[in-house]
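The data below hold one chain only, encoded as structure tokens and taken in the form predicted alone.
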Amino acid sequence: MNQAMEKDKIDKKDHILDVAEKVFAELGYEGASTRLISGEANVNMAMLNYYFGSKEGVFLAIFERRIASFQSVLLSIGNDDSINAWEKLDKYIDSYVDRVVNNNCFHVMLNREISKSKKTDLTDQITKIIMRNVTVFQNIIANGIKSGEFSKDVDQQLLVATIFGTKNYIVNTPHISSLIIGYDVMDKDNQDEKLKPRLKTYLKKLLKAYLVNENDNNK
């Protein structure tokens, strides 16, 4: 396959996934169909099935595309031996908040599927994809404790729940969190200009107060 054909294939796949994101966000996994997605994307069913195999294949491809690019950024932070554990966390929080605090179709999809109480093969696979990025965070904390930079008394599991839970509460319950925060948390301008800087500052102060040994914290 020559480069032009390969690029055309990638462009078509990306186009289908862009359209599918919007369909899934609007209708949910159960309400969407490959026929509807192919129609909206203006491609035939045979092409969609050739690229992705099934509706589940389309859904997982969307997640893989979104999470894979984010994971490479987080892994590069976690594996950077030129900076200490706190500097890694600082960068992680910046990248995490920039990526996850928004109201695009992908996050509507993610929140709808991952919050279901009933486990399915699909939610299991989505969970595995998301846990890759959680693991990077966990490893930074564990290595900081091991090196003595962070307190050995840290509850690593609840810390993970605190960091990711704070974001989830703000983004997943916007009617309540908007009243608490003081402005519409789903408005893009508010997110970029107010919420993201505020959340970064808060999480970093919270982490530093909890993680860093008291003597180091007073320096």
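What you see is a predicted model, and the numbers here were worked out from it, not measured in a lab. Throughout, rigid core stands for the largest set of C-alpha atoms superposing within 1.5 Å between the two forms. Don't overthink the numbering: it's just position in the shown sequence, from 1.
Although not depicted, the form predicted together with a further copy of the same chain is the subject of the following passage.
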Run the contact test on V108, A161 and F164 with a 4.5 Å heavy atom cut-off to a further copy of the same chain in the predicted complex and return yes or no.
-> yes
Is I180 close enough to a further copy of the same chain in the predicted complex to count, meaning some heavy atom within 4.5 Å?
-> yes
Do F70 and a further copy of the same chain come within 4.5 Å of each other in the predicted complex, heavy atoms counted?
-> no
Within a 4.5 Å heavy atom cut-off, is S76 in contact with a further copy of the same chain in the predicted complex?
-> no
Looking at the partner-bound form in the predicted complex, is S82 within 4.5 Å of a further copy of the same chain by any heavy atom?
-> no
What are the residues of 119 to 141, in order along the chain, with a heavy atom within 4.5 Å of a further copy of the same chain in the predicted complex?
-> K119, T123, T127, I130, M131, V134, Q138
If you line up the core, does G28 shift 2 angstroms or more at its C-alpha between the shown form and the other one?
-> yes
Is S117 among the residues whose Cα moves by 2 Å or more between the shown form and the other one after superposition of the rigid core?
-> yes
